[in-house]
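This document opens with one chain alone, in structure tokens, the form predicted alone.
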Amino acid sequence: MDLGLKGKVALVTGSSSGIGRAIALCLAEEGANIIVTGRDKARVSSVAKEAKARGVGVLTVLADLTIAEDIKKMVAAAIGKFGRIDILVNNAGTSLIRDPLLLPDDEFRYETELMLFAVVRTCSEVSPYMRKAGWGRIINISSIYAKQIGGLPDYDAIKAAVNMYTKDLAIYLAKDNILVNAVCPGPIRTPLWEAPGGGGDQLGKTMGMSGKKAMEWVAKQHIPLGHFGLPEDIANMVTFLASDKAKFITGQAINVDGGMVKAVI
């Protein structure tokens, strides 16, 4: 299906690995020019090479999104290269399993800067260009744990705030033909889960089993489809929402979770 994204310009934060990488490459497959961002130069360069192989324009930007000035420089670089930003995907994030009552203030503050304030700041920097163009798509990567318990209190609270911000911003920007939505992944096979010391190993340690076995347990106990999703499952939804095929969808937080969320809302 041709989604009409050829020539569009997409900024994907945290696109050097995992879900962000899959989103950047899926948009590139549809012909969108891509700004690849992250903190690891080698991984950013690797994803950029993959995107270029799809025949699109690519810009790489190294940025720490917890630093407001880095966000400004990232957006300025994108505008300098392409002259506009049509699609913004706020994807950068992190998660660690730990006792919530022992969570240091500075760590909670760091997570909030990365997963909430970076979203707010990036939207504020990019929105004026979209308003001027009279067209834009903003997709924020949230979580099913913004809607139901089961994650970690710090992560869940931040993602719930992202959902509410998404809905409010969608109303505010609707008159400018800028659609704002959130995608709420369930468990997805990414380095955050699968890498040594990642979520699988952290959970396995608390359960007295390997990380792989812990992930199998999560899938069996909590995911009706019985398996983790793939980064491409999220990327496909994001790419659809970025297109005019989704022109009557805004202010939504859409689950991509194998059936995990049981709520009717």
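No experiment lies behind these values; they were computed from the predicted model shown. In case it trips you up, residue 1 is the first one in the sequence shown, and so on.
The following text describes the form predicted together with a small molecule, which does not appear among the structures shown.
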- Item | Partner contact for Ser143 in the model of the complex: the small molecule, 4.5 angstroms, heavy atom | yes
- Message: With a cut-off of 4.5 Å between heavy atoms, is Arg137 one of the residues that contacts the small molecule in the model of the complex?
- Response: no
- Item | Contact of Ala24 with the small molecule in the model of the complex (heavy atom, 4.5 Å) | no
- Wondering, does Leu152 line up within 4.5 Å of the small molecule in the model of the complex on heavy atoms? no
- Task: Sort through 100-108, 165-173, 76-84, 152-160 and report the only stretch with a non-hydrogen atom within 4.5 Å of the small molecule in the model of the complex.
- Result: 152-160
- Query: Which of Ala182, Met130, Ala92, Leu179 has a heavy atom within 4.5 Å of the small molecule in the model of the complex?
  - Reply: Ala92
- in the model of the complex, which of the listed residues (Ser243, Ser17, Gln252, Asn255) lies with a heavy atom within 4.5 Å of the small molecule? Ser17
